[in-house]
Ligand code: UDP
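As a starting point, one isolated chain is supplied in structure tokens, in the form predicted alone.
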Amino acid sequence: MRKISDYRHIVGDAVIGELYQKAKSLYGKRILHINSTFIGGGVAEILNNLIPLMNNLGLDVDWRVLHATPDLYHLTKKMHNGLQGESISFTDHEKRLYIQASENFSVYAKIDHDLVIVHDPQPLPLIDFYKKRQPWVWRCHIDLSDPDMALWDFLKGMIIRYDLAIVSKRDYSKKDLAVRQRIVAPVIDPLTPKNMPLSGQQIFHYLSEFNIPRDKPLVTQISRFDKWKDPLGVIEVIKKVKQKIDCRLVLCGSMAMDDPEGVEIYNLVNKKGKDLIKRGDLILLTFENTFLVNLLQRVSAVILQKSIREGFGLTVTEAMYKEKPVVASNVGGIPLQITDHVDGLLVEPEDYQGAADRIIELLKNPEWGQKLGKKAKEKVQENFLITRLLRDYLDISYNEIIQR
């Protein structure tokens, strides 16, 4: 289990000392995080890393997962799509099923903490089934800039009971939401198996284990098989790249428990990319393996993130930390991370040719990619490591529990 002191050599003593001092005022206070899945996706990953470190600081922090059925996951996936701009129909029956899941959870999940932090829409209704004796915070990791308005109005009726809403980018804050709002960007943990350094021997071992050849440069996108990540568009981009320079595409994405569309999108990708697969120029991977992600981000020539909508995009952060050149869509939280032509390259999501041209430039000029990668790591070191998120949550907890 990692400790706060393990990060000294990365962030320095001043940062570590500040965290210990901020934690003092919260000793004896109990904090609870609630989300919808313990594995798969960025939220579960952040909580898996964040909560042990908060406890190592001397706090009392707990994590509970909403017990959900496949029916609920289908509904909340529809809601996720609606919040990211898709026009959806959400029936009264579906609303009852959605709310019922939180009511069922409340029957056996006791909440008597000093602060409750609810992540994303899935557990949002919980606040209606408890006697509110403490501050409640809603942490939304989704792009809220252009939601389906009927869905947003329905959810607002629950959000207004919360004391604070946290979003990842200023553009996601909502003027029509009568709740205090705060901006907190997500982060990565540099000491997890996904981000820690790999030796040459480890790289050789995992290349062999996962049967990943390196006779051609690798272009990799790591993300869920999700339409918002546009894996079908990625295939179109690589076809354009291969007209100029030979390379191999790797699409690696886990099947998150709360994403029922994953198998459907994977099957579409498999069908669209069948010719590339047959020639060995498209590798599809669905392993839930953090070492594999680490490996791919380190051995690839270019990392691609061709999202249509993106709450933040931690796979971009991970690749930047590994000093890799990233070509990514200019959407959501990605331009918070990448300054175009300084520490990465941005393209518009519909510009397939533009994305292909940027990849071709990097494959032909790897020295340029190395310069971008060096700047990228510096950006992540300064802004997007877990110690900064710890500080943010300590400040939020202090403000909500002590100063309210």
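Quick note: we count residues from 1 along the sequence shown, nothing fancier. Bear in mind the structure is a predicted one, so any value in this text is a computation, not a measurement.
Note that the form predicted in complex with this ligand isn't included here; everything after this is about it.
Only one of 305-313, 174-182, 110-118, 91-99 lies within 4.5 Å of this ligand in the predicted complex by heavy atoms, and it is 305-313.
Of the residues given (V167, L249, M320, I222), I222 alone sits with a heavy atom within 4.5 Å of this ligand in the predicted complex. Checking K78, K194, K242, R139 for any heavy atom within 4.5 Å of this ligand in the predicted complex turns up a single hit: K194. In the predicted complex, D153 stays away from this ligand, with no heavy atom inside 4.5 Å. Using a 4.5 Å cutoff between non-hydrogen atoms, Q134 does not count as a contact of this ligand in the predicted complex. Mapping the unseen interface onto this chain, E45 counts among the residues with a heavy atom inside 4.5 Å of this ligand in the predicted complex. In the predicted complex, this ligand stays beyond 4.5 Å of every heavy atom belonging to K324.
Looking at this ligand in the predicted complex, residues P231, E236 and V269 place no heavy atom within 4.5 Å of it.
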